[in-house]
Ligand SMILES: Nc1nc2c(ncn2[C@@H]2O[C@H](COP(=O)(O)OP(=O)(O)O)[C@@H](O)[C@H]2O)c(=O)[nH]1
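Next up is one chain by itself, shown in C-alpha cells, the form predicted alone.
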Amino acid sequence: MIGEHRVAIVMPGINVAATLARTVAAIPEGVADEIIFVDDGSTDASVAIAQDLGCAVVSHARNLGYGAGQKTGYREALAGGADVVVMVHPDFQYKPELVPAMASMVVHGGYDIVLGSRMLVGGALKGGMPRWKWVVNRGLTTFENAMMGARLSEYHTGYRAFSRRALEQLPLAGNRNDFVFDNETLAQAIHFGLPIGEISCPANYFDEMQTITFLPGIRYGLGCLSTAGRFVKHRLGASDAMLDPAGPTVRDWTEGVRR
C-alpha cells in the first residue's frame, strides 16, 4: 500500500523454482497488498513454492509466452482492485527493493508507466549484461526513439510499474504473447500520450537467471523494428490495430485459470 493506493506485484514466469523465494524475500515489507505469480506452464516446483510464500497463483494450462503471462497477471491485479501494478521478474534479474520507489513514482510522480532502466547510469555492462546485448539494446533504443519521437533510455527492460488507468486504457490484450509485448506496450503508451518515467536499476546477470538467447533475441529485435515501423505507418494514416484506442484491454483477456 502506498498511502491509500493498493499495490499489486505481478510475476510472470516458468520454471523459476530456483529463484522465486529469493525474489519474494527481497520485496520490501508493507508495499505489496498482493503478489500474483503467473505460472506459464512450469514443470518444476514453482507453483508449490509460490503458494508456500503466500502468493496468489494463476496457472496457464500450457506455455503461452511472456506477454501472455503479463496479460493474465494484469487482468487479475485489476480484478483485485489494484491502483498500481508492478511487474517483477521472478528470476531475480531486477532488484525487487525498488518496488516502493517505482510505485511511488506512479502514485506521487504523475506517471502512468515507470521503467526500471539499466542504462541510465551506464551500469549494464558492469552488472554482467553481455556486450552483444548491450550493443543491440542501445541500437534499438536509439532507432525507436527516432521513429516514435520519444527520449527513453531503454525500451527493453522488463521491470515496469503501471497505473490502473494505463492497464484499463491501453489495448494490451491484442499485443503479441512473446517478448515483443513489452515493446508494443511502450509504443502504445507513447502514441496515447501516457507519461512514462524512468528510474535507474542495476543490471543483475547470474547463472540461475532466465534471459533471452541469441536466436530468440534476433526474433525479438526484428519484432521491435516491426513495432516501430507500424507506429510510423499509423501516424502517416495507415490504421493499425495495435494503436486502436477501441482495441481489447487486459480485461478482455480470457486465458489463465486461478488455482
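Residues carry their position along the shown sequence, with the first being 1. Keep in mind it's a predicted model, so treat the numbers as computed, not measured.
Omitted from view is the form predicted in complex with this ligand, to which the following refers.
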**Prompt:** Quick one: of 104, 137, 153, 93, which gets a non-hydrogen atom within 4.5 angstroms of this ligand in the predicted bound form?
**Reply:** 93
**Message:** Heavy atoms within 4.5 Å of this ligand in the predicted bound form: which stretch in 139 to 147, 164 to 172, 85 to 93, 120 to 128 meets that?
**Reply:** 85 to 93
**Message:** in the predicted bound form, is there a heavy atom of this ligand that lies within 4.5 Å of any heavy atom of residue 24, even though the partner is absent here?
**Reply:** no
**Message:** Although the partner isn't part of this model, could you tell me whether residue 65 comes within 4.5 Å of this ligand in the predicted bound form, counting any heavy atom of the residue?
**Reply:** yes
**Item:** Contact label in the predicted bound form: residue 250 to this ligand, heavy atom within 4.5 Å
**Value:** no
**Request:** Give a yes/no on whether residue 211 approaches this ligand to within 4.5 Å in the predicted bound form, heavy atoms considered.
**Result:** yes
**Complete:** In sequence order, the residues of 1 to 32 that place a heavy atom within 4.5 Å of this ligand in the predicted bound form are 12, 13, 14, 16
